[in-house]
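One chain comes next, on its own, written out as structure tokens in the form predicted alone.
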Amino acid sequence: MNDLMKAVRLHAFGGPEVLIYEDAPKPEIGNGEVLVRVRAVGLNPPDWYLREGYKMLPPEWQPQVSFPVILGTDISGVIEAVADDVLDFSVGDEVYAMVRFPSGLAGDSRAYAEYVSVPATELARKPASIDHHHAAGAPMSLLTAWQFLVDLGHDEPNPLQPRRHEPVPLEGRTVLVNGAAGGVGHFVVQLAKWKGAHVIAVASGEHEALLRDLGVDEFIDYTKTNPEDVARDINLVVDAVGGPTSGRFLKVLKRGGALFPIFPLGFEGTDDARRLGVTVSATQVRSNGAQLEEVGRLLEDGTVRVVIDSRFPLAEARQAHQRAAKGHVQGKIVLTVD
């Protein structure tokens, strides 16, 4: 049996050029794990944060990375082997997962590869009506949207704030989504519509047709209009862009409203939020096989769909990261492993 596989590894931090497609040891499985033959890999921002060495995190938050390291968390594929104590899955099952996140922040998820070992608790059956490429585009982005909007799904301490993140009611409410066409944003739009919200999408004009197709009620082209100048009486703003500029959305919210920055680092406006009677809350997405089974039903029946921006072979991960760096990504970038 061949103990080598192809994988994309880093031997040093840097730009896309540090991604090397090469032979790597095939993973072994431990108790509670399965070995998945990967068919597709979904890209997510933590992939480039790790590639760059987590420069955007404060030093005390930067995980210690041991090279070489394989990037990535999101996979779809077929089970090749199962540990003796795994009873819920069998060889040949088609599955998808977000692997070891955030526990694998230092590169222990290892998804940019032909094979990956996955804790069975993080796995779900791939929705039969979608292919591996679309399934691989879902896990982190869709779980992020789900855990922010619908169900947190765990009791772990919140590393981003002292209190637990609480989703807010959506039915009949007005929700503004900034960065609505991106990986997380296009799922937030769809889940909010499914829950009965009136959805205002903020994105550049090139994405309007897609977002109308996904069911948004209003569209703001931020290249022509500042959303914070025209939106008013909003119940919830989900800022899928996040960062230091999220505070500009506080003034569009009703008293009692909420702002959920998906990327909350650098947020300035806590005092303003208090004064305006607005809740600001965020959470860290966590691997959860049971939730992937649940959202899988929405993918299965077409209630939620995965939009793919572009696909690259695993060997061209470098080019995929270059595509991500250009921005204006519509949905998800996917690596194919055939």
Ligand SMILES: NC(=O)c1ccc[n+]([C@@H]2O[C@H](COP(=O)([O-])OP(=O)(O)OC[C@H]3O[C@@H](n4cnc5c(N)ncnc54)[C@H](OP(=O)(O)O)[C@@H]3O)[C@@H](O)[C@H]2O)c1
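Residue numbers run from 1 along the displayed sequence. For clarity, every value in this text was computed on a predicted model and none was experimentally measured.
The form predicted together with the ligand exists for this protein as well; it is not shown, and the discussion that follows is about that form.
- Contact with the ligand in the model of the complex, judged as any non-hydrogen atom within 4.5 angstroms, is confined among 162-170, 84-92, 108-116, 176-184 to 176-184.
- Among heavy atoms of residue 329, some come within 4.5 Å of the ligand in the model of the complex.
- Contact between residue 132 and the ligand in the model of the complex is not found at the 4.5 Å heavy atom cutoff.
- A residue is said to contact a partner when one of its heavy atoms sits within 4.5 Å of a partner heavy atom; residue 27 fails this definition for the ligand in the model of the complex, lying far away.
- Remark: residue 281 does not count among the residues lining the ligand in the model of the complex, judged by a heavy atom distance of 4.5 Å or less.
- Contact annotation: of the candidates 38, 50, 295, 285, the single residue with a non-hydrogen atom within 4.5 angstroms of the ligand in the model of the complex is 285.
- Screening 203, 136, 237, 192 for any heavy atom within 4.5 Å of the ligand in the model of the complex leaves a single hit, 203.
- Although the ligand is not shown here, in the model of the complex the stretch 135-170 places heavy atoms of 140, 141, 144, 148 within 4.5 Å of it, in sequence order.
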